[in-house]
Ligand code: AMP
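Take a look at this one chain, the form predicted on its own, written out in structure tokens.
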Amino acid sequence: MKNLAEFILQGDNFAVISHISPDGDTMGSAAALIYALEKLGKRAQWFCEGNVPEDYAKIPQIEKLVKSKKLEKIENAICVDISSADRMGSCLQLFNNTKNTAQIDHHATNTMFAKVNVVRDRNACAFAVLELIEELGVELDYDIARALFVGVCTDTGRLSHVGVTKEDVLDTAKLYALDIKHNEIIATLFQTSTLKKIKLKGRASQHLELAFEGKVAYTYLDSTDYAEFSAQSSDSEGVIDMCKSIENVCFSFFIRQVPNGYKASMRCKPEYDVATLCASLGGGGHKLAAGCTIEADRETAIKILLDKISEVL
């Protein structure tokens, strides 16, 4: 962490890069880092392939990302919550063209692709960014704390996931101490919904299937499903949790159509490991939550995933 702090203190004109199809952890972590950089007198701009999802854009600290100051030149690049270089999508060219590169992440499958690599075994990248901000000597404030909380509550299921530690809770308490109005963030992200989201989830429930005597639950959404409800990929957030919640299910997966095939999100019970499974398919993630992209038609993609799961079961 000291090496990354020195990297930041010695540089300026930072590109802060999030992974494709950004989620709460990569956006919250990136926003907090940009706030911290600005408090140090540094210039920074956010880069990401994909738009900020509608719900997240309602939170001012996340909206800040798209309003980050445009830089005339990029001298340093920092990737946030990115496990491998291909997860940058179209931003990879920017990264490769930048002489000084670093990353901060929390995935066990991280490929250490930057010149300065910090990978922490934490349940959210936001916790690692909090550690970095403290190492930099930047005082936590309302905006930084709210941005970090977006990452924490989305990647830990509001501190409900298996494996949440005492350290996670104590670090989250540091954010609560800034009176971040956590209830407003939770209400915006988890307790309100649009009609198109509800209809999309309903369509996913129609496609839902069980396999291996009910130990596996899976579903899918095609591009035509999204188009029918004028929805985007972020509107299907939570579909995998619907599969996961079914009684006696050990493995669950949700696949959605992308231009080159199907993108899979997977979950499993604590005695299993989907990170290894997804890594075997070119993806990665965490032991209990991981993903990959399969360049195939829907039926083939489902068969590939079921075959992989059958090897474990």
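Predicted model, so just to flag it, every value in this text is computed and none were measured. Sequential numbering from 1, following the sequence displayed.
The same protein also exists as the form predicted together with adenosine monophosphate; that form is not shown, yet it is the one meant from here on.
Please tell me which of His107, Arg158, His207, His182 lies within 4.5 Å of adenosine monophosphate in the model of the complex, judged by heavy atoms. Selected residue: His107.
Practice prompt. Select from the listed residues Lys64, Lys39, Arg43, Lys263 the one whose heavy atoms reach within 4.5 Å of adenosine monophosphate in the model of the complex.
Written response: It is Lys263.
- Item | Segment assignment from 278-286, 65-73, 43-51, 27-35: heavy atom within 4.5 Å of adenosine monophosphate in the model of the complex | Among the candidates, contact is made by 278-286.
**Asked** So in the model of the complex, does Asn13 come within 4.5 Å of adenosine monophosphate, heavy atom to heavy atom?
**Response** It does not: once adenosine monophosphate is placed as it appears in the model of the complex, Asn13 has no heavy atom within 4.5 Å of it.
Please tell me whether any heavy atom belonging to Arg146 falls inside 4.5 Å of a heavy atom of adenosine monophosphate, as the geometry stands in the model of the complex. Result no; Arg146 lies far from adenosine monophosphate in the model of the complex.
Contact of Ser83 with adenosine monophosphate in the model of the complex (heavy atom, 4.5 Å): Ser83 belongs to the contact set for adenosine monophosphate.
| message | If we define contact as a non-hydrogen atom of the residue within 4.5 angstroms of the partner, is Ala290 a contact of adenosine monophosphate in the model of the complex? | response | Close contact exists here: in the model of the complex, Ala290 approaches adenosine monophosphate to within 4.5 Å, heavy atoms only.
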